[in-house]
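Only one chain is given next, in structure tokens, and it is the form predicted alone.
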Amino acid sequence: MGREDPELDFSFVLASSVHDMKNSLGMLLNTLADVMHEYPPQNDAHAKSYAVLEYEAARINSELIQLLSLYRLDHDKVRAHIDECIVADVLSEQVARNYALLQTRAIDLVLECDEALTGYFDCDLVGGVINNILVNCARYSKSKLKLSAEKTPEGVCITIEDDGPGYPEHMLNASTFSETKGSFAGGRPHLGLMFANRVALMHKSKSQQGFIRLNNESSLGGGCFKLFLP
């Protein structure tokens, strides 16, 4: 009597592969940082090459993390661990995480946040959202980024502004990034915004629920991303 082959769970195989690729790329990024520290760029061409390597590796790593996170969220393997967080600490951690990337791309980042501001959210998930948006903004910004947070009637609002060309019209409606076929409008899944939207929706307080908003009203003249956490 033959043994029946178990049905292949392709999504699990894919998620496992993504996990391995993410780890390998993380090692590559660390090695690249060591090389850049030991052999600083000698001219503009070297600096530009380093910046391209740093950005592309960081972008792919960020997208793999988001892909894996979306898989885990979809399979209820990730739950929000809500705790009181010092917002300035969460923002500073992501600025430090992307320091080398911003430096190689000659981007000046301004951080504005009251050190006493606190909020109730999952700092790891929210940190992942901020990291992804910063990496994307590093690509489109000319030379300036602004990361800020404030208390609003809808909760803590974390804002990332840039001086780039702004978001395309089809991206300005946050509902585009729910898990629908519309998410792939224009042939691009916008994993980072899908992830940000899912993370926002996981944060609830009484009748309020988290949400994201995009606009092109940045004080720096480019795009503006807002994450509201009740």
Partner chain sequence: MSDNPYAKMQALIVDDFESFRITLSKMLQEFGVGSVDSVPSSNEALRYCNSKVYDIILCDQNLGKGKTGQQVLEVLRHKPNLNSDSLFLLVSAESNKSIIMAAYDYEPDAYLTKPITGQTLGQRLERLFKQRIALAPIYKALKERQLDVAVELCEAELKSATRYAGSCQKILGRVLLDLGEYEKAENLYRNILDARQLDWAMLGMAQAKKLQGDTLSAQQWLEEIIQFNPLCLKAYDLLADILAERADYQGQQKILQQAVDISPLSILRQQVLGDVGFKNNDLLTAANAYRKAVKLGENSCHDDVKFHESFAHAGIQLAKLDKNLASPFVRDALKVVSEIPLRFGKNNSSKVSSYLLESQLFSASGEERRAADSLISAQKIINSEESVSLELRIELVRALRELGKKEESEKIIAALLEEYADDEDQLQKIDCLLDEPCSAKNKALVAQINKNGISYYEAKDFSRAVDCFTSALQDFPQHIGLRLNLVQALMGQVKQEPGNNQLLTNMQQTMDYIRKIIPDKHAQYRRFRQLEDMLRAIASAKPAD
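Numbering follows the first chain given and starts at 1. Quick caveat, the model's predicted, so the values are computed rather than measured.
There is another form of this protein, the form predicted in complex with its partner chain, and it is not shown here; the text below is about that form.
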Based on heavy atom distances of at most 4.5 Å to its partner chain in the predicted bound form, which listed stretch, 23-31, 45-53, 190-198, 161-169, is the contact stretch? 23-31
Name the residue from Asp124, Asp74, Asp108, Glu150 that puts a heavy atom within 4.5 Å of its partner chain in the predicted bound form. Asp124
Though only this chain appears here, would His19 touch its partner chain in the predicted bound form if you measure heavy atom gaps against 4.5 Å? yes
Contact flag, Lys144 vs its partner chain in the predicted bound form, heavy atom cut 4.5 Å: no
I'd like to check something about Glu112: if you look in the predicted bound form, is any of its heavy atoms closer than or equal to 4.5 Å to a heavy atom of its partner chain? no
Is there any non-hydrogen atom of Arg139 lying within 4.5 Å of its partner chain in the predicted bound form? no
Can you tell me which bits of 194-215 touch its partner chain in the predicted bound form, meaning any heavy atom within 4.5 Å? Ser205, Lys206
